[in-house]
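The chain below stands alone and is given in structure tokens; this is the form predicted on its own.
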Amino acid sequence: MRIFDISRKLVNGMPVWPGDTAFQYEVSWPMEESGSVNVGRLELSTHTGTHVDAPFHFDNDGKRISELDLNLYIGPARVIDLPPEIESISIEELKEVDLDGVTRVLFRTCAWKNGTVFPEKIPHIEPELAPYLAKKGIRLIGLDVPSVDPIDSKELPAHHSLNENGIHILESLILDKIVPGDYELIALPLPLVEGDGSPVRAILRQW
């Protein structure tokens, strides 16, 4: 069995959504003070690094993180390679892709080339793709960019369309070194009772 870590490293100074909480880790209770242990303190957004979106993130009546089915975030997944120059991901790009029996799909675009800087433009999901994927049996999509919508979008049409079609969202993966194909995905969110999202440690396993 091989394990591939597809999570972004959480480190001070890492890029976050413009205007969102900066990531900060510090040893707030060092061994010199406690006498026996180092204890760290975290400050971060629920959308820091590799993370999942709960419907509450974009819908006040949507489910919180703690209400989501964990089965969505663990199980077989297919990594699909897409060209980094595409502006959006639509039905056209997937017409020739075999999705039979697939429940989780991860789109590998490699469009976020400099991981130390938050991107200004990304290939986003076209809203009409959601019902197409739902008919194929897809329940979760993952991307190697920070959002399923354009960076400057306020209406978030892809978020809403995916939610309306029962498809959940995993964002900001690192898939550069992953060969397209079939894996087992494990990307479990934290049990945040009122959470609108949650960082995850996302991995792929392959036998």
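These figures come from a predicted structure and were not determined experimentally. Don't overthink the numbering: it's just position in the shown sequence, from 1.
A second form of this protein, the form predicted in complex with a small molecule, is not displayed here; the remarks below concern that form.
**Item:** Interface segment, criterion being heavy atoms within 4.5 Å of the small molecule in the predicted complex, picked from 175-183, 49-57, 25-33, 64-72
**Value:** Heavy-atom contact with the partner occurs in 49-57.
**Request:** Find out whether any non-hydrogen atom of residue 147 is located within 4.5 angstroms of the small molecule in the predicted complex, and reply yes or no.
**Result:** Close contact exists here: in the predicted complex, residue 147 approaches the small molecule to within 4.5 Å, heavy atoms only.
**Message:** Using a 4.5 angstroms cut-off on non-hydrogen atoms, would residue 159 count as touching the small molecule in the predicted complex?
**Reply:** Yes.
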